[in-house]
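The form predicted on its own is given below as one chain in structure tokens.
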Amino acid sequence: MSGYFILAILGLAFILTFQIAKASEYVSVLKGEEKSFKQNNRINAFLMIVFLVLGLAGAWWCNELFYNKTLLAQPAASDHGEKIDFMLILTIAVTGLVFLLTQILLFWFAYKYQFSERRTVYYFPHNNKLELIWTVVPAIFLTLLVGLGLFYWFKITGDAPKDAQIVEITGKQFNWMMRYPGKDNILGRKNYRLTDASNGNALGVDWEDGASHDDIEATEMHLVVGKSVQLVINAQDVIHDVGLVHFRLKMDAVPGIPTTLWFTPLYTTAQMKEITGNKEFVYEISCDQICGSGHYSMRGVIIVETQEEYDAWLASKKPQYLTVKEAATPTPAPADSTAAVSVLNASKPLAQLK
């Protein structure tokens, strides 16, 4: 029903516009074509200036109204994120300046050079110097941006510091699973053929590998503030994307092709609650690649804490290998009560039985 209503409104708008255009033609005929043209030309030129002023004022008002709801109002929560913010602000500053200059000139020229019988046409078909300027200057700026982007990209996806924390994150429809190495700081190998969630091996870890015996599995990502962390990213079914919006980072999670990135968290979750003034603040992991009907619900949580808090949390977790081993160990069956009573009675003197 709403579709028909929208079509009806569009139809009425078209009829109204058509009728206004016809009425304008009739007025032109009554006033005279030339007089009507000059009058409309002056009005349109004036409206160009009005549109320019109102448009710029509206853009500024929208910025004041919604800026605090954007990520730019919050500091980047990682060292690499600060560099990403720098490139973003640089891009906005330069393109914003160019936008302002070109739009102001566009509407001002429309007003200043409105039709006049006293003005002769000036033809300006070609200028090598002008074309060189507006080609070379943007090319230099874009090359600078691309160069910075490539430099930061290779740094983010390159080798992490040797003492970096390692966290494996695996995406599947529609949640994230984390794995942490134990004291050896080595993740045990995996084999997708071993994946068996019903038996506690949702990640397909090869328990024959001794390095996997102290690995910890969790549904939350715990990171240490001020300590570099390398993420080892996997997917089990379709392509997902690890979106770390507060850290200004993201990376595809591709089935069969592990990807990596590293960064250093700058603020704990508690500190970001104070910075944002939001007591409910949490660092989030989003899936930035449409991955199915439940894509909207694929949300993870990151907790950035101190080294002491992280160590305490890690100590409270049991390695997944032990959990699976304990679940697979059969519980001894209780002795038959009747047989136990018979044995007990047989050991007593006959007098006691009477």
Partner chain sequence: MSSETITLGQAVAEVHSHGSHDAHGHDHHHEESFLSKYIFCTDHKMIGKQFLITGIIWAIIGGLFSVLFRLQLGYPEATFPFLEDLFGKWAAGGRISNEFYYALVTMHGTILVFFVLTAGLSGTFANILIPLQIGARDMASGFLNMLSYWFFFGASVVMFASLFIQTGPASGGWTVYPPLSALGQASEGSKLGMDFWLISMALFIVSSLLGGLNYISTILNLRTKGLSMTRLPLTMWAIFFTAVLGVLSFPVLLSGAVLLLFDRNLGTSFFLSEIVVKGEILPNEGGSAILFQHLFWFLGHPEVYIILLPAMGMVSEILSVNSRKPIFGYLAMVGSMFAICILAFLVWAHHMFVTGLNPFLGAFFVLLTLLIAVPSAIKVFNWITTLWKGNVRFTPGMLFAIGFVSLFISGGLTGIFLGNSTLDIHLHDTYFVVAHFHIVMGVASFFGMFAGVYHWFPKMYSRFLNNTMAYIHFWVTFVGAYLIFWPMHYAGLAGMPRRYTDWSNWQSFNMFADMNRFISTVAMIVFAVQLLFVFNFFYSIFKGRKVTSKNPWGANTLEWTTPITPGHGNWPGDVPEVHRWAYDYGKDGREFIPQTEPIGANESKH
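For the two forms, the rigid core is made up of the largest set of C-alpha atoms that agree within 1.5 Å on superposition. Positions refer to the first chain, counted from 1. Because the structure is a prediction, the values reported are computed rather than measured.
Beyond the structure shown, there is the form predicted in complex with the partner chain, which is absent from this document and is the topic of what follows.
Between the options 270, 186, 145, 218, the residue in contact with the partner chain in the model of the complex by a heavy atom within 4.5 angstroms is 145. The partner is absent here; in the model of the complex, the one residue of 232, 71, 211, 275 having a heavy atom within 4.5 Å of the partner chain is 71. Proximity of residue 165 to the partner chain in the model of the complex falls outside the 4.5 Å heavy atom cutoff. The partner chain is not shown here, but in the model of the complex it comes within 4.5 Å of a heavy atom of residue 173. Remark: residue 250 counts among the residues lining the partner chain in the model of the complex, judged by a heavy atom distance of 4.5 Å or less. With a 4.5 Å cutoff on heavy atoms, residue 255 counts as touching the partner chain in the model of the complex. Heavy atoms within 4.5 Å of the partner chain in the model of the complex map, among the stretches 262-270, 177-185, 219-227, 156-164, onto 156-164 alone. Contacts between 172-206 and the partner chain, taken as any heavy atom within 4.5 Å in the model of the complex, involve 173, 192, 193, 195. Relative to the superposed rigid core, residue 279 undergoes a CA displacement smaller than 2 Å between this form and the one not shown. The rigid-core alignment places the CA of residue 152 2 Å or more apart between this form and the one not shown. Annotation: Cα of residue 298 displaced by less than 2 Å between this form and the one not shown, core superposition.
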